[in-house]
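Each of two forms of one protein chain follows alone as structure tokens, named structure 1 and structure 2.
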Structure 1
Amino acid sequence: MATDVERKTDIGPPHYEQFLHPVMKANYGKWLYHDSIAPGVLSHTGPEGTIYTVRAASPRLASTNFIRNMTKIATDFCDGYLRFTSRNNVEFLTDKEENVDKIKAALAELKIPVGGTNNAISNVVHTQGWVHCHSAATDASGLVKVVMDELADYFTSENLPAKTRLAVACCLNMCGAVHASDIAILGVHRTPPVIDHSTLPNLCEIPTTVASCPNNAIKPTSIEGKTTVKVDEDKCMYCGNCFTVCPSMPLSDPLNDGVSIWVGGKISNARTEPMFTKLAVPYLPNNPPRWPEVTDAVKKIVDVYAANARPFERLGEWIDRISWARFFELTGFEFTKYHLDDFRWAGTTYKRSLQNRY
């Protein structure tokens, strides 16, 4: 059966034009302005008319059933047109204003929140975790679920000082913009790799493995006549680089793996330049299924930010204005030796002026 069709390769993705709503096609490159109609509802207007967008949350990890539910709504109310955003939201596109409420009602029936626009917490960019990845120090989908259960009202309203972007990554590989989010939850290992000397000589290339370590902690060695590697544990910072190239060096450790929390990153250039996230909480335990320590910490950050920042001040901008000392004071998070950088360019983070608040 598979042999009677021609095997095609390198055809690339289908051209996007066939997936554009006619109003979007007609206004292509000619848009004039947009309006925010309600949380999660936008309208964009051009010379050829207006397109309405209803933005809904998705778990990102979505079944074919979920997607068929979405395409059904698109078929019923959007002439079949829908899209996804870079933050895993689903967007329904229609030129009929009266369909906005119908789309919202259909989503409400499926218990899918509508929101994520303007000064809201948008959907969470995240990674695979225990669901699908070998290096995960925690589960990403579970963390997103429990954190957003706590913050769902911030998704469906626009009451924060500015937009707030959350991300979760389950190891330092950070598949996701964790290093530039307002609040980032990052899975961490805290113990060195456990080397399986029985498999390493067969599975791993020694020079590649040695070279993989950013801290030169790995050295070749010989055990029972076979070449393998050893790790200088004092130099190991549990980054997992070695495991990426050598399957015989897993870091997972149920007793010690957990979660760190980072704050103040941003991507856009609005007002201030893009910023990296900085460490807020170095370690919280993995406490599935609902990670209460993590949800408490994230909630605390959002609440303190909401209460103290000025309008349109992103979390990182707010901290820059009030100082990190005050951020730790207001949140009650402990400032520890782990907050002092000790990797490359660490010196650039040392305070070199007398400008502190007393």
Structure 2
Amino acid sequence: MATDVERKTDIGPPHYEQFLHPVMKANYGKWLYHDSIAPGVLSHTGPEGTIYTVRAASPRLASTNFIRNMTKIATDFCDGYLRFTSRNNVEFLTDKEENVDKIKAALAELKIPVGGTNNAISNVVHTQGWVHCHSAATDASGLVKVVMDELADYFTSENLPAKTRLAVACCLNMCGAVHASDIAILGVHRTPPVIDHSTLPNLCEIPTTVASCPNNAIKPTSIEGKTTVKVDEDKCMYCGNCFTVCPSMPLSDPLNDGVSIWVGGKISNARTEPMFTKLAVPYLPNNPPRWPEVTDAVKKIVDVYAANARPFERLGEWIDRISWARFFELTGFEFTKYHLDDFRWAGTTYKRSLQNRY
């Protein structure tokens, strides 16, 4: 076996260091300070110079033309350097301050907004939706488009009390950061899978199908002498795991699938411990292509939060301060039985401190 550390292979990704801007690489670990120049424009300074960042919006599921446009801007003004953030923003990196306005002008010509920094809404992290996912209850890409059409002013300005992170997941398997975002849109199934007993014995392995259910709701059974499965509907939580391993158990239901909205998640522990989202709206209908009910609800949450929270207060921190009762009062959302945490193991998720706030 070769022992040369410089050996080139096709195993694993290339080292990230070779993609760093020269100024970034020279200042690595030695940064002195950074400034916010304008919404979407940052500068970072170290002993080896200053690098400027221009953050632009991205659709995430990007077309070839979009990628070509982004790389052309990077080639023309950034010596070919750009990066995609974890929330799918495009960031152009340049060490020439005079190129910042040129980058912004080039993006404006393509009608791509600049923003998403500091106390603003960043790009929405989301899952595949109807474009790709086999268990989607709603369309992630379409929802992100219409929601950000409504919230674009909160992306291009920095007028919110604190940074606000949005996420969309097309089912409760949550491939997106739905549990840890300030506002999350989650597709929900509301009916159990429909079993095609005529094809299941030939398409699905019974032990694997039974084992796929996290709630033990699937049991083997026999119909007309053929081994198949049955579903205990009281235990089913509509996750779609069974359909993943067994194509004869489709879950999608155009009439009953819909959208729920969750609020209050964050990873930061700046003022409070990290927080998971909690249910705000249990169900809204799927009404593509504009999803008016969903966009209205999300816009309402952001507007109320912007008008009432204190500076630097994240959405979940604001709700904890004013109480959930006040949150429902301000937003006008109905409090229903679905907001009660009646999960079998709910006791492990309750905030069991004696210092309850009402």
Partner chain sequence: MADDLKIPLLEELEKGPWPSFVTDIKSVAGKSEMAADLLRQLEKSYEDKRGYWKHGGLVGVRGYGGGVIGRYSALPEEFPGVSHFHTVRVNQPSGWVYTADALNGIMDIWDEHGSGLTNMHGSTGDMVLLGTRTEELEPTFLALTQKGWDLGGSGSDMRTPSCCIGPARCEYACFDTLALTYNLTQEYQDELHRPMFNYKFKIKVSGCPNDCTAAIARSDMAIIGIWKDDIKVNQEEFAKYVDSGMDVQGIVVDMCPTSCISVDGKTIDIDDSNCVKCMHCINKMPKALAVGDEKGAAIALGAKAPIVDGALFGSIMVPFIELEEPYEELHDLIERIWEFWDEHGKARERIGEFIERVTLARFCEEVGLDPIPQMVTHPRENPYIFYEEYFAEEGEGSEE
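We call the rigid core whatever largest set of C-alpha positions still superposes within 1.5 Å between the two forms. Every residue number counts along structure 1's sequence, beginning with 1. Since this is a predicted model, take the numbers as computed values, not measurements.
Just to confirm, one of these is the form predicted together with the partner chain and one is not; which one is it? Answer is structure 1, the other one does not fit.
On a core-based superposition, does N256 travel 2 Å or more at its Cα between structure 1 and structure 2? After core superposition, the displacement of the N256 C-alpha between structure 1 and structure 2 stays below 2 Å, so no.
Could you tell me whether the Cα atom of N216 shifts by at least 2 Å between structure 1 and structure 2 after core superposition? Superposed on the core, N216 moves its C-alpha 2 Å or more between structure 1 and structure 2.
Shift of T244 between structure 1 and structure 2 at or above 2 Å (CA, core fit): After core superposition, the C-alpha of T244 moves 2 Å or more between structure 1 and structure 2.
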